[in-house]
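Quick setup: one chain, the form predicted alone, written in structure tokens, and binding and motion questions come after.
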């Protein structure tokens, strides 16, 4: 039985159980998702956008799923501690793919109209609001992993910031993978930022047990309305037995400003997709990311920025540092549509192979159908600057320290994109630890708060 068929049969046999433990809003898209899986399947290595990661083999193992929503006895507020100083956040947890609601943050008093919590419960309490956005930009036809996630996702995280509201404190979400058998989770994030509103969301992924194999499937939909400002930070610090397949979909209104920053500090296999669309003029997007991988770890990133309207600005920067036998891949596409004049779009992918066995594949792309634009793209794959390394060693710096300093300097401009000073400082410390080999795995989501 192939990977797709086992999930189709599981869905058909357990449809009532899945629906019972979710909501009508989420259930409404399941049959369509399964029909797409039956007709199109999962992406294969023959697909141009998925040539470097074998998605079908990722989904082939017989993972356990918690379709009956059996509660895991853990209080993450007691078990997990974050240590980013001077950053006050509202902290929430998703355990596997269920929002943890037994205990709420001590400072959980939110401004009137702001909604934060379980996607399932919010879609029951506010079905009109959630149905207006859920599944609207997550394109199941484009990627079978999104369809599979839609078929099985029963809960997740929901953030709604009404028009004109400014959230002073960042929202922090910690995704915890926990189990005693090989386990698959299907998690959804839905973020809606109203007109003129401002908010920041930090998401940290953590695997509790390095001995258990996890498959983490996540789909995140982000709607940012006119004149709104939103920051989305996604940091992975999991185990080498964790595979993550994540898709982020962003739709921006006029004059909005969005920052998306994805950072991989420790992982097993990570496939990340970023799909962004400009739906209003004079909007700005900063899409950036960084990955530090070694041993047999793998990071594969695909980005698509759709300049559908004129007078918008996008700046894209991704950097990888690869050591040992690690493998990296980047494919970025910028589309400037007919009539999208005065577009400014810049794309850069820079990669550092710190060992002769590390491999990096990169494919930047521009597709332009307007004539009054400023666009550029580029990619580099190289090694450490031997002249700089020799100079530092001649000044008495040990080789290992000199290599670490050069790699740290290479990643610094991605860290500089962070618009939270306390988080930026902590990231510098974590990156330095990673290069020194001190960050073998996450133990308590050190990265976020």
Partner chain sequence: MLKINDLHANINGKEILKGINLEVKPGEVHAIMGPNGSGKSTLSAVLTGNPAYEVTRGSVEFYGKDLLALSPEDRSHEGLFLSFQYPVEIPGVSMVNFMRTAVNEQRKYRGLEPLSATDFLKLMREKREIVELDNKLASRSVNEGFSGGEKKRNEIFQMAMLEPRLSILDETDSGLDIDALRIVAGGVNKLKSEKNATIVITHYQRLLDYIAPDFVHVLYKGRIVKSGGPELALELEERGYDWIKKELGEI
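Numbering follows the first chain given and starts at 1. What you see is a predicted model, and the numbers here were worked out from it, not measured in a lab.
The following text describes the form predicted in complex with the partner chain, which does not appear among the structures shown.
K.L.:
Of these, 421, 38, 399, 49, which has a heavy atom no more than 4.5 Å from the partner chain in the model of the complex?
P.N.:
Selected option: 399.
K.L.:
Using heavy atoms and a 4.5 Å limit, would one call residue 58 a contact residue for the partner chain in the model of the complex?
P.N.:
Looking in the model of the complex, residue contacts with the partner chain do not include residue 58, since no heavy atom lies within 4.5 Å.
K.L.:
Spell out, yes or no, whether the shortest heavy atom distance between residue 45 and the partner chain in the model of the complex is within 4.5 Å.
P.N.:
Residue-level check for residue 45: no, no contact with the partner chain.
K.L.:
Would you please decide whether residue 406 lies within 4.5 angstroms of the partner chain in the model of the complex, comparing each non-hydrogen atom pair?
P.N.:
Judged by the heavy-atom cut-off of 4.5 Å, residue 406 is in contact with the partner chain in the model of the complex.
K.L.:
May I ask you to check whether residue 34 falls inside a 4.5 Å heavy atom distance of the partner chain in the model of the complex?
P.N.:
Residue 34: no, not in contact with the partner chain in the model of the complex.
K.L.:
Looking at 49-57, 382-390, 23-31, 64-72, which lies within 4.5 angstroms of the partner chain in the model of the complex, counting heavy atoms?
P.N.:
Looking at the partner contacts, the answer comes out as 382-390.
K.L.:
Going by heavy atoms, what in 61-77 lies within 4.5 angstroms of the partner chain in the model of the complex?
P.N.:
Heavy-atom contacts within 4.5 Å come from no residue here.
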